[in-house]
Ligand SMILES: Cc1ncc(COP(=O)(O)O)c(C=O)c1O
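One chain comes next, on its own, written out as structure tokens in the form predicted on its own.
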Amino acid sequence: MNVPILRVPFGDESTQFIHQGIDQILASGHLSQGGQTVKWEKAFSTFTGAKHAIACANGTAALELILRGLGIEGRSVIVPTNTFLATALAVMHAGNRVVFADSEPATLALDIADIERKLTDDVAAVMLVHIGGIIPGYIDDLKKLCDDKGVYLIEDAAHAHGSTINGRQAGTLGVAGGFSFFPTKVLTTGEGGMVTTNDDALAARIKKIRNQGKDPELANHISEVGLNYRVSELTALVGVQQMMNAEAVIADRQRAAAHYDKALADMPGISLIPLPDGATSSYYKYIAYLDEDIDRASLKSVMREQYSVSLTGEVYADLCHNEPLWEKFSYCGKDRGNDPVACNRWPGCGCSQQQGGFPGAEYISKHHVCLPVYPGLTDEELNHVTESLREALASAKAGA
């Protein structure tokens, strides 16, 4: 039996819906920001409970649009080093400085104590990433801390379509949330992104910036320094199809996760990451910790070569502050080729010094593993994954 890293299921009914929609789009001649985009946005707004949902080119664009819409420029933004670098790049693209913070192994999320240490007067926002689809239980405490400091809380919800805490959806817990629809995500359109917010003024400004700065109230004359972060109608059509099946997709991921919860509860060599009280996850990843004496690369190789089970990529094995980018560029996007670094936004900010000291994130990066979790995994496949894992872990422990 072979269990691959990922399957992106499109059944006959979904395929037929998309084919018919393509014909309608091509016949209309309206290929960008038309009726399908409006339908996708309305469906995602209803799904999350956010007042506004704004479709855009991708998840990175969604985060940049939030920052630009809030008018954050020439400031510092705190992001976890345990995330994909796109989170930090969005901060830089919007003209700001990245400040990395540590993460808590228990929650996979930002370490509040480290956030507090780094909340200087220059910080304008904290960008919280819901790693693997897990919303941290401290979310209300973090929101209060940000409010007390006059700092925006922004959600990078790329992993968290449909994740909730105490009945509230990811993307509605801060000033705005950014979602990705890349092929690996819980819901996918191939490429594509979405911003969610309850702020009317922010939504209106983001819509203008997304569309080259055009202002509908000024007969589409340009009133903002905008960007072309629109989506095509073809992308939006797939988004509409995804929203039609969203609840079923998430339920199927949760079914697979529940299987793993039960099978791994007493399995030597591995430890579960419990969800916070009142939380549900849509399980972008199913994450667990390996015992420290188990080599992850060797385990993954054994699973793949002996059992034909491909374990997915980690979240994350490579921390942002260790990327080679910083050998050439400063944390505000300045070229380090100049000596001293040409930084005129933050005099004396330390752009010439690489950031480090993230023990929690380092632990996460080295010791977790992700099991296959996607719609359509059969009970037989899930049993094969867990039985194979039990044997591989036992062998690894015996050889340790």
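In case it trips you up, residue 1 is the first one in the sequence shown, and so on. Because the structure is a prediction, the values reported are computed rather than measured.
Same protein, other form: the form predicted together with this ligand, not shown, and the subject of what follows.
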Practice task
Could you work out which of K208, R75, R253, K185 is the residue within 4.5 angstroms of this ligand in the model of the complex, going by heavy atoms?
Solution key: K185
Fill in the blank from the handout: Exactly one of S282, T87, Q169, S330 comes within 4.5 Å of this ligand in the model of the complex through a heavy atom, and that residue is T87
Problem - in the model of the complex, segment of 56 to 64, 360 to 368, 42 to 50, 27 to 35 with a heavy atom within 4.5 Å of this ligand - result: 56 to 64
Practice task
Look at the candidate spot formed by N96, F100 and H321 and say whether this ligand comes within 4.5 Å of a heavy atom in all three of them in the model of the complex.
Solution key: no
Exercise for the section: Tell me, yes or no, whether G177 is in contact with this ligand in the model of the complex, where a contact means a heavy atom of each within 4.5 Å. Expected result: no
Problem - Touches this ligand in the model of the complex: T107 (any heavy atom, 4.5 Å) - result: no
Exercise for the section: Answer with yes or no whether W326 is in contact with this ligand in the model of the complex, where contact means some heavy atom within 4.5 Å. Expected result: no
Practice task
Find out whether any non-hydrogen atom of H159 is located within 4.5 angstroms of this ligand in the model of the complex, and reply yes or no.
Solution key: yes
Practice task
Just give me the residues of 122 to 148, first to last, that have a heavy atom within 4.5 Å of this ligand in the model of the complex.
Solution key: V129
